[in-house]
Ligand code: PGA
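There is one chain below, alone, in structure tokens, taken in the form predicted on its own.
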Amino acid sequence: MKKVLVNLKMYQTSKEEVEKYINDLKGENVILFPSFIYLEKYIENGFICGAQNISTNCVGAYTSEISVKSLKDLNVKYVLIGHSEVRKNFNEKEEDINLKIKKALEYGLTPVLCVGETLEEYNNQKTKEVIKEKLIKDLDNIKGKVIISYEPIWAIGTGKIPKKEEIENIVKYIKTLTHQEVLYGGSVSLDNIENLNQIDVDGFLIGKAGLDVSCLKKIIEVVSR
């Protein structure tokens, strides 16, 4: 069965929001990536969860950082690494991403590595070149299971996505390079999931569409067929 991952980002900002979401979504086969402060709440309610990021360090004087050891102790199973928002907003480098993947694997968490191209790179037909360069650096000397999520940067939150044939082509390319599971993310919605689900992909990483439980349930229903 294809995986459904939901990156809740920083949209949920109150206990009331979280409790309602949990009650409405209980029983669904989904992997959630909530804000750090709500991870324990989701896990206590039976959800499989991932963290939205980790530190390259495990313990020490690293104010504001999140240790993979703490996440392991909470029974977190996955971690997003290399998301375009983190790459951009925190100036994350490929060597940092590589270290984070190694830390996650060392402590038994499954990394979900996000890679994708900008609109300029897409228009200049450099998608494969850009992705290959990132994967070579991000996965350098990595041994273990790493899920790859192809997320065109220009598609995230815009409602625009590549053509079905383009996504199929890139997913196959990534699988050839990595021999790992590959997801698609980037404006996945109820409007396009029927079409996207026809692609030979191992699942989907969903953003804003996952905030609406009724919408998310319908997406899960399509993916589960």
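Counting begins at 1, following the sequence as shown. Because the structure is a prediction, the values reported are computed rather than measured.
Unshown form predicted in complex with this ligand; subsequent notes refer to it.
Novice: Within 4.5 angstroms, counting heavy atoms, which one of the listed stretches 49-57, 22-30, 180-188, 194-202 is next to this ligand in the model of the complex?
Specialist: One stretch meets the cut-off, namely 180-188.
Novice: Quick one: is I156 in contact with this ligand in the model of the complex, heavy atoms, 4.5 Å cut-off?
Specialist: I156: contacts this ligand in the model of the complex.
Novice: How about K208: is it within 4.5 Å of this ligand in the model of the complex, going by heavy atoms?
Specialist: Answer yes; at least one heavy atom of K208 falls within 4.5 Å of this ligand in the model of the complex.
Novice: Although this ligand is absent from this view, report whether K9 comes within 4.5 Å of it in the model of the complex, heavy atoms only.
Specialist: Contact with this ligand, yes.
Novice: Wondering, does E151 line up within 4.5 Å of this ligand in the model of the complex on heavy atoms?
Specialist: Contact check for E151: yes, within 4.5 Å of this ligand in the model of the complex.
Novice: Output the sequence-ordered list of residues from 75-108 with at least one heavy atom within 4.5 Å of this ligand in the model of the complex.
Specialist: Contacts from 75-108: H83, E85.
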